[in-house]
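Shown below, as structure tokens, is a lone chain in the form predicted on its own; questions about how it binds or moves come after it.
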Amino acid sequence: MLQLLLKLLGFAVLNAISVLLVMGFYGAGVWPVALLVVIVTLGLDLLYLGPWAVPLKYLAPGILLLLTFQVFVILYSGFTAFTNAGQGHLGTKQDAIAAIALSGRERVPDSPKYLLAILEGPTGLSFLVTDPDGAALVGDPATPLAPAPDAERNDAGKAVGLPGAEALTFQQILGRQDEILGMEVPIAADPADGVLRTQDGQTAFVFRSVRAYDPALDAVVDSSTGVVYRDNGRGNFAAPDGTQIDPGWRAVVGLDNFARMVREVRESEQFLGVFLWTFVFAILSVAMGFGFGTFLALVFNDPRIRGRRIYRMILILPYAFPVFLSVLIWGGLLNPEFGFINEVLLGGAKIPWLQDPWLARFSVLMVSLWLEFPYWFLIATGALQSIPRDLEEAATIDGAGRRRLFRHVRLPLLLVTVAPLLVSAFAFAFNNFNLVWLLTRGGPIALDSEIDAGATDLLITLTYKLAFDNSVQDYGLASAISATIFMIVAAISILSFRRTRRYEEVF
């Protein structure tokens, strides 16, 4: 009985959370997500409260997490690649219209004068005004004007105070004039009605935007110039000459982001360099790590070497430390001014390891080798020890030397084990964000770089810069690059896995 009560309580909490999520998503206008939450919640209720589909009850949590944190992220990123999402295009069309109505304000020529008292209360500064009819109104930047029947008045009938709030003196107003002169208090809930602003702290006037949205035209009309800015279908209101009003809104732009990416590759030296360096880094990183790790595995697989266990333990130490910590330490070691390598090993040399483009690339590859070779050393050691001894003995009896033994026996059998791992390592190196970002942040960056791309930037770090570390915040282009990375890695992985099958068929 207790187990049943706990089960019902858990589902009551789950459904309550789902109701809150549905209300939040629906209130924000994201009704497809709200509908999805309803379907998932009802599905879980039916699944766990009924006696059927017992195996699915164990699989459902994993499937739900997979769909939420993997499939949804991939699909959403893919969708974003076909939109103009980014700085100035983050909200809806209604959000853009409201923002335009709040921008470019000018004082209304025939605006009435409001007598003003500035109050400071628990929520900050507010305007207490007396309109031309003598009514007292109060509001703040977040709250439109509302009647204030309990306002205190002076002998002239001006509202000068409210219970629970302190009226600022003239000296206090002067001390905070920048804050007060920048205040805008909405007259009503509709932004088109304008706001009250003050220029002297004693009186306030109505200011309205010169650009107003006309629903009949589905356009923004500039009252000062008469120019009509129409919806261009690409997330902006634009004039006939192409001039656009910011902000815009998120809109589907088709393959524009992919076309921009291809154009950048063709026309931008920095972007093309990042594209090529990504492939070079991924190939060299895997090849160097695998080659050096396999070489060490062959050396210490020889039974004639004494103390092999101690050497093997020492060689895997770089693999035991956290990657981010190792990279940060290497960044200090390579510091040109006081790094250990320059100061101690090179006798005070000033070699710019991370400031020169080619030296920075070399440094990134060396640090990658330091981080990767212990992994391949462990894999190759295990694979070599699993090779049947009779095969090696037979090859030796047939006259094979060490080179032929390695080339025709050990290496093919080794590739049977490590070939799939080489493919996955290439995919990891292609997206090795942590190494590059922690060591060089993609630099050094050329002064004439138009896209903030550096000599060691990979596509993944450039994507991050475009999305989060840049004033532009171009999510659409960043998502298009991410989708391209996914397709490149997927295509290379599929082709590589097909080629590696022949080792399994032969051996």
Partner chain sequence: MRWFLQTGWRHLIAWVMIVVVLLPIAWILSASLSANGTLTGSNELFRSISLENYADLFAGERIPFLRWMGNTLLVSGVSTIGTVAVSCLAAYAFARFRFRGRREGLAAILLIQLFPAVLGLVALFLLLDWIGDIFPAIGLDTHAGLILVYLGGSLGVMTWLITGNFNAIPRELDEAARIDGAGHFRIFISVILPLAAPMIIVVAVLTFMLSVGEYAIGSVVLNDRDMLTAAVGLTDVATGTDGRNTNWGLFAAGACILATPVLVVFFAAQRWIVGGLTSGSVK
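All of these numbers come straight from a predicted model, not from anything done at the bench. Numbering follows the first chain given and starts at 1. What we label the rigid core is the largest C-alpha set whose atoms superpose within 1.5 Å from one form to the other.
What comes next is about the form predicted in complex with its partner chain, which is not displayed.
When contacts are defined as a non-hydrogen atom within 4.5 Å, all of Val54, Arg304 and Ile485 contact its partner chain in the predicted complex. Contact check for Arg211: every heavy atom lies farther than 4.5 Å from its partner chain in the predicted complex. Within 4.5 Å of some heavy atom of its partner chain in the predicted complex lies at least one heavy atom of Leu421. Looking at Leu174, you'd find every heavy atom of it more than 4.5 angstroms from its partner chain in the predicted complex.
For Gln202, no non-hydrogen atom is located within 4.5 Å of its partner chain in the predicted complex, even though that partner is not displayed.
Look at 354-362, 254-262, 122-130, 421-429: in the predicted complex, residues with non-hydrogen atoms within 4.5 angstroms of its partner chain sit in 421-429.
Residue in contact with its partner chain in the predicted complex (any heavy atom within 4.5 Å), chosen from Ala135, Leu298, Leu272, Leu168: Leu298.
Comment: its partner chain is not present in this chain, but in the predicted complex one of Tyr229, Trp249, Trp330, Phe290 has a heavy atom within 4.5 Å of it, namely Trp330. Taking its partner chain as it sits in the predicted complex, the stretch 299-331 comes within 4.5 angstroms of it through a non-hydrogen atom at Val299, Phe300, Asp302, Arg304, Ile305, Arg306, Tyr311, Met313, Ile314, Leu315, Ile316, Leu317, Pro318, Tyr319, Ala320, Phe321, Pro322, Phe324, Leu325, Leu328, Ile329, Trp330. Positional change of Arg306 between the shown form and the other one reaches 2 Å or more at the C-alpha, relative to the superposed core. In the core-superposed comparison between the shown form and the other one, the C-alpha atom of Val489 has shifted by less than 2 angstroms. Once the rigid core is overlaid between the shown form and the other one, Leu438 does not reach a Cα shift of 2 Å, moving by less than that.
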